[in-house]
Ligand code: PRT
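Below you will find one chain, with nothing else, as structure tokens; this is the form predicted on its own, and questions on how it binds or moves follow later.
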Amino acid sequence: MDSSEQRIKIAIQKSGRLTDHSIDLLQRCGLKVTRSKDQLFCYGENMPVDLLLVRDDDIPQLVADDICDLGICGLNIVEEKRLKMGAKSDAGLFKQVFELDFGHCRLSLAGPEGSEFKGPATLQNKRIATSYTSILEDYLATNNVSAEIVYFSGAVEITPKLGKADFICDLVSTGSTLAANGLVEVETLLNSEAIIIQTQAPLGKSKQDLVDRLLQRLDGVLQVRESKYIMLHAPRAALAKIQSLLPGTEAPTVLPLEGTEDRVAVHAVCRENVFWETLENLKAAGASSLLVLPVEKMLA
């Protein structure tokens, strides 16, 4: 078999809000890459993994067609393409395998300030501008609402001012763009984040083993994103109180301190942010010699 067929191909966004996050995440999993001159391909130097940098809305199709084994893109793109392919009887050609906890946004309905929205029925016979026609169509059908969907691929938020639509359906992050255009968010259709999808085509044992290994590393990287390793000294009598103050931790490691019977060393991995207030509360409970270290990698 051609050795190139054993290499994992991952499609990621060429440019946009997910690009740097995606590449950084894979590099933190140990992948070293060299970019091609045209900046459309990254060759894995130390692992048989290559990256294809493409338009984000092409990623689900590349995975569905088994051109790429994995893809990283927003759930909003995946759901839109899934519905479109479902209409073409091509559903099920990729599967979601991992949520990546970045690229958070939401696909929402919005209308002009002062407009009333009393649920989906408000949209009856209205014009709604969006580039997410399949998701909006599914939402309207689910709620038995008949409305005109106006496809608009550019700045959707300007369509009400142009008299092209009564409402819009678009991605919202902070809401500042809506406010700048005199719009208010009225309903969330989908909460989105970056995810990994995988082709449904069989990969073969060696490829699947590599994919599983990569996903295990991703899980290890994501688990420690906010994690910290805390070391401290404490009186034995204060252990219960101190453990209750350690954020997001399981049972800590407790070690005897040489030369003393009533004091111990406590080591714990905290899977939540450790704030100054946390350290101050631990100190007030009797802890001393507190040390907080970042956690780079972890395998459960």
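Quick note: we count residues from 1 along the sequence shown, nothing fancier. Everything numeric here is computed off the predicted structure, so don't read it as measured data.
Omitted from view is the form predicted together with this ligand, to which the following refers.
Colleague: Given the stretches 112-120, 212-220, 137-145, 99-107, which is the single one in contact with this ligand in the predicted bound form, using a heavy atom cutoff of 4.5 Å?
Modeller: In the other structure, the partner sits against 99-107.
Colleague: Would R236 count as touching this ligand in the predicted bound form under a 4.5 Å heavy atom rule?
Modeller: Contact with this ligand, no.
Colleague: Can you work out whether L190 and this ligand are in contact in the predicted bound form, taking contact to mean some heavy atom pair no more than 4.5 Å apart?
Modeller: It does not: once this ligand is placed as it appears in the predicted bound form, L190 has no heavy atom within 4.5 Å of it.
Colleague: Looking at the partner-bound form in the predicted bound form, is D57 within 4.5 Å of this ligand by any heavy atom?
Modeller: Close contact exists here: in the predicted bound form, D57 approaches this ligand to within 4.5 Å, heavy atoms only.
Colleague: Is the gap between N281 and this ligand in the predicted bound form 4.5 Å or less for some heavy atom pair?
Modeller: So N281 does not count as contacting this ligand.
Colleague: I need to confirm a contact call. Of Q124, S206, S173, Q200, which residue comes within 4.5 Å of this ligand in the predicted bound form, counting heavy atoms only?
Modeller: Selected residue: S173.
Colleague: Could you check which residue among A165, I77, I72, I230 gets a heavy atom within 4.5 Å of this ligand in the predicted bound form?
Modeller: Residue within 4.5 Å of the partner: I77.
Colleague: Any residue of 195-212 with a heavy atom within 4.5 Å of this ligand in the predicted bound form counts; write them all down in order.
Modeller: Stretch hits: zero.
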